[in-house]
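Below sits a lone chain in structure tokens, taken as the form predicted alone.
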């Protein structure tokens, strides 16, 4: 007997970026085909029992299995990384195909497809990272690859082996404008960082705490201002990624108030970590929390929350960069007491991103459930050309869904996580929400503490032209969020 649905999720308290409603969700062939009350005839049913049901998370900024020339290796590949994402409620990941200096962009993309293989349990797309922007890349390869569904790319203003000159950035922005691609920018002033690093090392300051001193907020502020200036000159949208603090936020708000299409992303480490986590003079285990930009002082966390509340930030990503602490190919590549500038930059967070924000944002009233859906799913799908297939609970959208358990507290411990990294920087933080069930295109990949996904079930997604909403204009200056 034929039935109209493969699966019905009953009594779902649905949340989208626009509203909330209660409905049964009918799913056929991995697609949402009906929303209503008392849907009938399904092969399977899941009773959500009035729990929140949100679109599956989309992590638009995560790193898996990126090739490296210096012998440092990421702990997560396309088996463990997407698995960890699914267990935390993320159903789509968008990592990076990195172009090495001297490599064609096409070879970088093809190589990353080989790395992925038939491993991912959830759907995925690629950003590109451009490090060698010669004429062939900008006039031949980028236009072709954009048409093939690689519609976003990242550029760096720091790191010697990745940074672009100002002129190259301007040329790259012009190419993005001409081809309808979105540019993501890592904004830190490389020369300021190098100058500060040299002087700190000359003074014998090598501990992890000095990583933050080598990258103060002003180097992010200056680079953000410069990147915005280039975007205004070329007249092209731009996303400033992993914004860490108030000073860069002020530059972004200025641009948004001027009507420029400047978008911003922030990450959990700027809400839940601070300079305190970078330790003291002899605390080399604090290398676990080295990332760039670094966590700022505790006071700054309140401004990041305000930026989320006021929609200064369009998206909230993990920037998952999985380097194990005790691995000689990870953060300990230069010994157990490495100088701060020798430590692999980045921290894991693809699995904890959504539970942390739901627990400390939605459940405390700092942000609404609609804002949560916007910055973790819907806006990400629009930003990278995946909407409305992804990022919504709507007829015709993929049945990527999360049913939330908000009735019991649990403590984050690395032993309970599903990445391949030997630590989590969020160890010991208590959360009040975690996905009870995660569905990827209608298939359960996580349920009640058990990973049920299948390697190879994930599909590669070709992205359309990005269509982000115009950034919000801010009529009021910063108003510090009061501590909870």
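Since the structure is predicted, the reported quantities are computational estimates derived from the model, not experimental observations. Positions refer to the first chain, counted from 1.
Another form, the form predicted together with ligand DUC, is not on view; read the next lines as being about it.
- The candidate spot formed by 127, 460 and 465 lies out of contact with ligand DUC in the predicted complex, as no residue has a heavy atom within 4.5 Å of it.
- Just one of 274, 190, 111, 292 comes within 4.5 Å of ligand DUC in the predicted complex, counting any heavy atom, and that one is 292.
- Site annotation in the predicted complex: the residue of 288, 353, 242, 382 reaching within 4.5 Å of ligand DUC with a heavy atom is 242.
- This chain is displayed without ligand DUC, yet in the predicted complex the stretch 148 to 156 from 195 to 203, 251 to 259, 148 to 156, 278 to 286 comes within 4.5 Å of it by heavy atoms.
- Mapping the unseen interface onto this chain, residue 63 counts among the residues with a heavy atom inside 4.5 Å of ligand DUC in the predicted complex.
- Ligand DUC is not drawn, but in the predicted complex it has no heavy atom within 4.5 Å of residue 104.
- Ligand DUC in the predicted complex is approached by residue 319, whose closest heavy atom lies within 4.5 angstroms of it.
- Interface residue remark: residue 186 is counted as part of the site for ligand DUC in the predicted complex, having a heavy atom within 4.5 Å.
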